[in-house]
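One chain comes next, on its own, written out as structure tokens in the form predicted alone.
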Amino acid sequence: MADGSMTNVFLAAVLSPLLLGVINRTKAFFAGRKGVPLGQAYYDAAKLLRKGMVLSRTTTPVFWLGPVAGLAAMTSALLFVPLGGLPAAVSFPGDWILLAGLLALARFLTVLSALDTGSSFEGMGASREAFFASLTEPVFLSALAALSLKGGASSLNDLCAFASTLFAENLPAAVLVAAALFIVYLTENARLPVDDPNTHLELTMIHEVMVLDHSGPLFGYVVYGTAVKLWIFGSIVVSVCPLFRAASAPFGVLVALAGLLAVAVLTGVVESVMARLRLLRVPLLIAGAGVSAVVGAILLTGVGR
């Protein structure tokens, strides 16, 4: 473990809810409204932790175990994510595969919690979540594998370390891989145009429908876990983007934090100018991201030359 590497985890634990505030304020700006405070997610999480819980008689311990264990898996994934010039707290060959596994585990636990309610409505959302996840995970792994194959990097630390130099040599590949990762970022975090986190319409809900029965601290864990997931995928997008890379660690962290805020603003812009896609169109968007990742991998590895 490198010196100061736990700083990444500390920053994520403290600042990740701020990303939700930045997204909401950006959307409010485009709508001509003042919007909620930037720290609204902090207030919501603290308020929910003080509230009591309402549990259905049909649920089992799986229902409350899902948000708790899911948040534990999400925070464990933070250990493998570098930020700026600071390495990840834990790094070893193939750690990015374990990172994807921890994120998948958190999603699986959320799906189990939704199914435990016995509600066909939440079962519908869980089915959609699992289906889209089965499409995005190969894209995510393909994009990282493309970088790993080209530079011979076996860990996410090494992968992000040479990504900026690699992209400077092959800008078209950089754009394709970054675009694929950004679409994965939007899909995994249930943002527009894939899903609308603010909707409560039965025919369009995906992620939000799975947590409708959660209340009090359990829902607080869900809100905080959502912010942590935004931070994880945003950090990966920022780490592989040459615009947000700096040589020195202290300055690099500031640049990376600015990059995370920029990604959050971009997310708000996308949600302000785009409508939600029809469910049948979402797989096409993810497939397009997959093609982008594969073509980027071909350009990076020089296949066919």
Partner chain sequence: METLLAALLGILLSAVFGAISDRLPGRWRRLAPAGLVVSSLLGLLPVLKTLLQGEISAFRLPWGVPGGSFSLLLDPLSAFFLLFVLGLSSLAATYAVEYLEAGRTGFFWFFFGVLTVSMSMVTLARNAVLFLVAWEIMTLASFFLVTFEDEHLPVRRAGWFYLAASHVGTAFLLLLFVLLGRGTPVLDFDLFSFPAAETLEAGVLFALALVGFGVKAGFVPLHIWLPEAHPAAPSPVSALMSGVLIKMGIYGLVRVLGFWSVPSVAWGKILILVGLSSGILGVLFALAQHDLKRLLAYHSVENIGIIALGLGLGVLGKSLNQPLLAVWGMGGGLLHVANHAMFKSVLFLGAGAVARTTGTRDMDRLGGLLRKMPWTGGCFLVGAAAITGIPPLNGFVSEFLIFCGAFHGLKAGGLPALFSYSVVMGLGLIGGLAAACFAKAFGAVFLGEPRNGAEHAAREAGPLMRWPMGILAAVCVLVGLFPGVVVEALSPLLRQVSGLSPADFSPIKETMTGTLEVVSRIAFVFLAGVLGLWGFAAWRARRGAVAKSVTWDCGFAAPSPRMQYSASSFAQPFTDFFRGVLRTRFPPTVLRDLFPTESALHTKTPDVFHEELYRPLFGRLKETLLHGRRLQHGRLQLYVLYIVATLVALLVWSRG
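These numbers come from a predicted model, not from an experiment. Numbering follows the first chain given and starts at 1.
Although not depicted, the form predicted together with the partner chain is the subject of the following passage.
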property	result
Candidate site 31, 163 and 236: all three near the partner chain in the predicted complex by heavy atom within 4.5 Å	no
Interface residue in the predicted complex among 192, 232, 222, 90, criterion: non-hydrogen atom within 4.5 angstroms of the partner chain	90
In the predicted complex, the residue from 277, 243, 65, 266 that sits within 4.5 Å of the partner chain by heavy atoms	65
Contact test in the predicted complex: residue 294 vs the partner chain, heavy atoms, 4.5 Å	yes
Exercise: residue 197 in contact with the partner chain in the predicted complex, heavy atom 4.5 Å	no
Contact test in the predicted complex: residue 117 vs the partner chain, heavy atoms, 4.5 Å	yes
Any non-hydrogen atom of residue 157 within 4.5 angstroms of the partner chain in the predicted complex	no
Residues in 73-103 close to the partner chain in the predicted complex, defined by a heavy atom within 4.5 Å, in order	73, 76, 79, 80, 90, 92, 93, 94, 96, 97, 98, 101, 102
